[in-house]
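Next up: just one chain, as structure tokens, the form predicted on its own.
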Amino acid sequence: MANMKKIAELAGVSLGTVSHVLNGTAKVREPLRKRVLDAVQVTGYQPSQLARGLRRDKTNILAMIIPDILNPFFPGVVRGAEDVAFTKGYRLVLCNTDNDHSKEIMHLNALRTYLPSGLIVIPSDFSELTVQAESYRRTGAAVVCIDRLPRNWDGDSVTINNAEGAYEAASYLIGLGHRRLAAITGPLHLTNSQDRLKGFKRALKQAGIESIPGYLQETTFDRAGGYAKTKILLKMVPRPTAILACNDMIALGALLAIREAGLHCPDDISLIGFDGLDLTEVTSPQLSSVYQSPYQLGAAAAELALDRVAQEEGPARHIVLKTELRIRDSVAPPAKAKRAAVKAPTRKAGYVLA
């Protein structure tokens, strides 16, 4: 196996010269530098990032932990973070927790041995990262939580304005004439679910609409949960005329339940999701949704983490990204009225007729 000693022998230079060329620690005359690089190419030598990290106390690794790689929202987040990391000379290492806090802790313990320069975490259910994050910070690593925050988190974060996004969606439905509005939230121990519910309730309160018992359903952030909870809502008397699903996977499950019940969306019941996934454009009907950019979320997190690596001191930063309400074919005025028969609400900033 090629090593730096072999490179030095082949290039006819000292070990120190090889080290300076490979690590950029000192300027080397161009003829010597070229001989070293030619020897590297001939031998196929690959420097050990871990060995470098042991010398420098950290590597050029940026670690990332996400809760569910099968959720189509998260790959965009990872891509945004990876693009930023790559352009700045870092490599992204990804771990998946399956929303299991015990698995999250195992990943955190294992990743620390790789001496990453930074850590980006989308917390799992019931996550508590304060102690773990502090152990990373003691090594000089940056820690950023994104999308949702663990309990008692006081570090850097990147989230979106969940409450405002849900408020605009519910307000749009109210403006169409809906008064029997239901919401299917994600797990309410998660901060993003809590905030989306707050926005929904604020819109109802502002319109003087009382929430009907049973119209608020809590489930997991997946299609199965949306399907099961929508079946419950459709059996209620009176039946809701509109549903705000607090992510697009829940909304897809809701669409299936509506179809199986022999009802039509939006004539019988309107539906708005949350996330703005690309697949919402190919559903039937095309799904209205509160759009958030997963790519921007991941990119902002990586930028923040690497800024913190460059300058460790300073107060915690909290970046909050905006949402955009994208209206498509899954909403209409209640009571089977055609959209053309009732004037839609005046479009405000953030509303997009997609």
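Residue numbers here begin at 1 and follow the sequence given. Keep in mind that what you see is a predicted model, and the values were worked out from it rather than measured.
Keep in mind that the form predicted together with a small molecule is not shown, yet the notes after this line are about it.
When the small molecule is considered in the predicted bound form, Tyr167 lies well away from it, no heavy atom lying within 4.5 Å.
Remark: Asp147 counts among the residues lining the small molecule in the predicted bound form, judged by a heavy atom distance of 4.5 Å or less. In the predicted bound form, at least one heavy atom of Gln292 sits within 4.5 Å of a heavy atom of the small molecule.
For the chain shown alone, Asp275 is a contact residue for the small molecule in the predicted bound form, at least one non-hydrogen atom being within 4.5 angstroms. Of the stretches 278-286, 200-208, 236-244, 72-80, only 72-80 has residues with a heavy atom within 4.5 Å of the small molecule in the predicted bound form. Shown here without its partner, the chain carries Asn192, Arg196 and Phe221, all of which come within 4.5 Å of the small molecule in the predicted bound form through at least one heavy atom.
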